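As structure tokens, one chain now follows by itself in the form predicted on its own.
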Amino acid sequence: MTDDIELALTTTPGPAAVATVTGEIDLHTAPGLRTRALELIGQGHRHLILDLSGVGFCDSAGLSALIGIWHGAKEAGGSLTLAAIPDRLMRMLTLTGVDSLLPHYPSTAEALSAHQSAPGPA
């Protein structure tokens, strides 16, 4: 396990922003991920897309962090979308039913495209 997790932000035209997560999301890193993601949402990136392609491991603390980020985005009038989810993490999301709560796409490009074509206020 490591205490390091990286969250790199890419802004896009429109209200969505992409944050690429790299590292392991576990008991040690999940609080930092949640804090940083909620800071991005608080800075006006209300519709956050998390690119999880660089996540090598995620445990229940990581799952809890994702749900906390989702709640934070909703409270801010935004959304959380997951993209490029590694197979092991996708299995965890499916087994826990979280996949039915959080929109998810095979790639960041597809998540951005779906977000940009979604109706309603941004």
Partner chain sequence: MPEQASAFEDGVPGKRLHLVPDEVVEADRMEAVRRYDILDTPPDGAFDRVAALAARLFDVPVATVTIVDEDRIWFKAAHGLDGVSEIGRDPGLCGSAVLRDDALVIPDTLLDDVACGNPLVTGPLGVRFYAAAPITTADGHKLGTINVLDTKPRSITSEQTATLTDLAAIVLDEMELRLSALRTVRQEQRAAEAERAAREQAERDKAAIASFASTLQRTLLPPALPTAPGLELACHYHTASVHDVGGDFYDVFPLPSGKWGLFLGDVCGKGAEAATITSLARYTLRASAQHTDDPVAVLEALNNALLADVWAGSRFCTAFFATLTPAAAGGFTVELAAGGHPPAYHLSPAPPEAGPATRTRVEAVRPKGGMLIGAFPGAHFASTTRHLAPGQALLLYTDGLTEARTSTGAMLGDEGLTAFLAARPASCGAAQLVQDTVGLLDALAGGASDDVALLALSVPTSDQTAAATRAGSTAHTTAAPAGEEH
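What you are looking at is a predicted structure, and each value in this text was computed from that prediction instead of being measured. Numbering follows the first chain given and starts at 1.
From this point on, the text means the form predicted in complex with the partner chain, which you will not see here.
If we define contact as a non-hydrogen atom of the residue within 4.5 angstroms of the partner, is residue 60 a contact of the partner chain in the predicted complex?
Heavy-atom contact with the partner chain at 4.5 Å: present for residue 60.
Should residue 35 be counted as a contact of the partner chain in the predicted complex, where contact means heavy atoms within 4.5 Å?
Taking the distances in the predicted complex, the answer for residue 35 is no, it never comes within 4.5 Å of the partner chain.
Interface membership of residue 64, the partner chain in the predicted complex, 4.5 Å heavy atom rule:
Yes.
Using a 4.5 Å heavy atom cut-off, state whether residue 107 contacts the partner chain in the predicted complex.
Close contact is absent here: in the predicted complex, residue 107 is far from the partner chain, nothing within 4.5 Å, heavy atoms only.
Identify which of 56, 42, 97, 77 has a heavy atom within 4.5 Å of the partner chain in the predicted complex; exactly one of them does.
Selected residue: 97.
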